[in-house]
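In the block that follows, a single chain appears as structure tokens, in the form predicted alone.
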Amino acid sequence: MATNGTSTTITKESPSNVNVTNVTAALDIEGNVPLESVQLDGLIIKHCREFFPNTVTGQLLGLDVNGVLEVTNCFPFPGPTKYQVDMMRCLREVNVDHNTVGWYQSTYLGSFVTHKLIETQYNYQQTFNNKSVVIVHDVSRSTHGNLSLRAFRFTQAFMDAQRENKFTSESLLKNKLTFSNIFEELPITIKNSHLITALLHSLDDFENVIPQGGISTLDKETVTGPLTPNFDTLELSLDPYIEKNLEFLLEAIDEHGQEQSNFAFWQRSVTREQTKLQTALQKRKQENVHRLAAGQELLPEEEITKLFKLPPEPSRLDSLLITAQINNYCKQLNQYSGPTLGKLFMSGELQKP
């Protein structure tokens, strides 16, 4: 007996004696098995490509099966929350998986580390006990021959800091939080349904895509099969992609410099206030020395401390997010520049006599 890919073991002695332990462990009803990977199909890709270059988001539905988050369905977010509730109710009525396991978002050139993503993913993980992920699909990067699908969730260190809503230097040191451990990336497995697999095998047969008019109506030199290899990935020029990536990188570096300037200004402000405080305390101590010599009552030093208030430390969250985005841009440049240089050297060798 199988349901959604999950097997139920029945002993030979009694057909009704179901091994409940195996079922509970597989479905992870109590949420004890940590997530290790994500499995999904291509519905997300279809939605993101239809609306490219606009950014789209949507809901992921599925099951957590033995540490694997199986995404079995999804639907886009058109706007109001009521639509999501009505959509899940309709899916439940037709006996389709309606358990929320996360959400997805399209992006352009890897620019996804934003406050909106932070707030949304935090709400999902708070609600579903860290059993939810965000799938990020970069359509622009996928057009260069590499499918870009990445699954993320927040680390426990970032969840603790976000729960306190405190991103000061002390909080970052306490939680051992840096830009490199904001997200935890999970491996993704693409799984096609049996119908999709059968369709791909049928499309591989060139005769099935010939129109009813017959072969005589086709130009055999220009017509290619639907699964003909795409040689565009061998294109040596990636200048537009790398140029745009460099522009985004420079903008992120400028934003990071501005954040550093704001933090340096706060440090200077704290130093000035502390200098004023120490000067005022020193004067009060000298005044108390004279009053003590004159036999007068000493003045309290606490009053001086209350007069000076140190400016609060600005949040370091923006700096963390910008640094994480810069790191993402640098990785993309490294991933695309390396293969491009390899293809250039290969083409150079092929052209030698």
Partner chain sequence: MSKEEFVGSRFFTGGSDTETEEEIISSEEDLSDEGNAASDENDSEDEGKRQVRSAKDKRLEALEACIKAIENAEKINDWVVIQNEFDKLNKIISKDPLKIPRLYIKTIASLEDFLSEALQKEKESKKKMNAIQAKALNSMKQKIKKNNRLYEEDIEKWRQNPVDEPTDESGYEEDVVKHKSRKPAVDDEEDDISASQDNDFIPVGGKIIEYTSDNLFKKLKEIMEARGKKNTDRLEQIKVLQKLLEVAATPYQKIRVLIALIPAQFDYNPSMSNYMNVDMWKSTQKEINQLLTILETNPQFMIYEFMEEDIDDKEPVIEPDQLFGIRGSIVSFIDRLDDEFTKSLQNIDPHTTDYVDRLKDETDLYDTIVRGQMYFEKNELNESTSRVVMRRLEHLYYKPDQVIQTVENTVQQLYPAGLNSKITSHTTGFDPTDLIHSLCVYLYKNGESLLRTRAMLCHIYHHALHNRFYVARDMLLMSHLQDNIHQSDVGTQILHNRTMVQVGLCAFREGMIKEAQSCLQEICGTGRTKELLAQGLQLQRYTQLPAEQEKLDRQRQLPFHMHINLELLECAYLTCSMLLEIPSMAAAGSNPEARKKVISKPFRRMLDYNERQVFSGPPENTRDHIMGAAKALAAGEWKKCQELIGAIKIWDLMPETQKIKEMLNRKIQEEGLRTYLFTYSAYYETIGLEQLATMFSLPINAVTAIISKMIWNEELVASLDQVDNVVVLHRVEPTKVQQLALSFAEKAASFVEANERTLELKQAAGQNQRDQQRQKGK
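All of these numbers come straight from a predicted model, not from anything done at the bench. Residue numbers count along the first chain shown, from 1.
If you look for the form predicted together with its partner chain, you will not find it shown, but the lines that follow are about it.
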Handout entry: 4.5 Å heavy atom contact, E243 to its partner chain in the model of the complex
Key = yes
Practice task
Look up in the model of the complex whether E247 has a non-hydrogen atom within 4.5 angstroms of its partner chain, and give yes or no.
Solution key: yes
Exercise for the section: Using a 4.5 Å heavy atom cut-off, state whether H256 contacts its partner chain in the model of the complex. Expected result: yes
Problem - Distance check, S169 to its partner chain in the model of the complex, heavy atom within 4.5 Å - result: yes
Practice task
Would you mind picking the one in T279, T197, Q260, T178 that has a heavy atom within 4.5 Å of its partner chain in the model of the complex?
Solution key: Q260
Handout entry: Answer option from Q126, Q274, S202, T120, heavy atom within 4.5 Å of its partner chain in the model of the complex
Key = Q274
Practice task
Choose one stretch from 69-77, 187-195, 261-269, 131-139: the one whose residues place a heavy atom within 4.5 angstroms of its partner chain in the model of the complex.
Solution key: 261-269
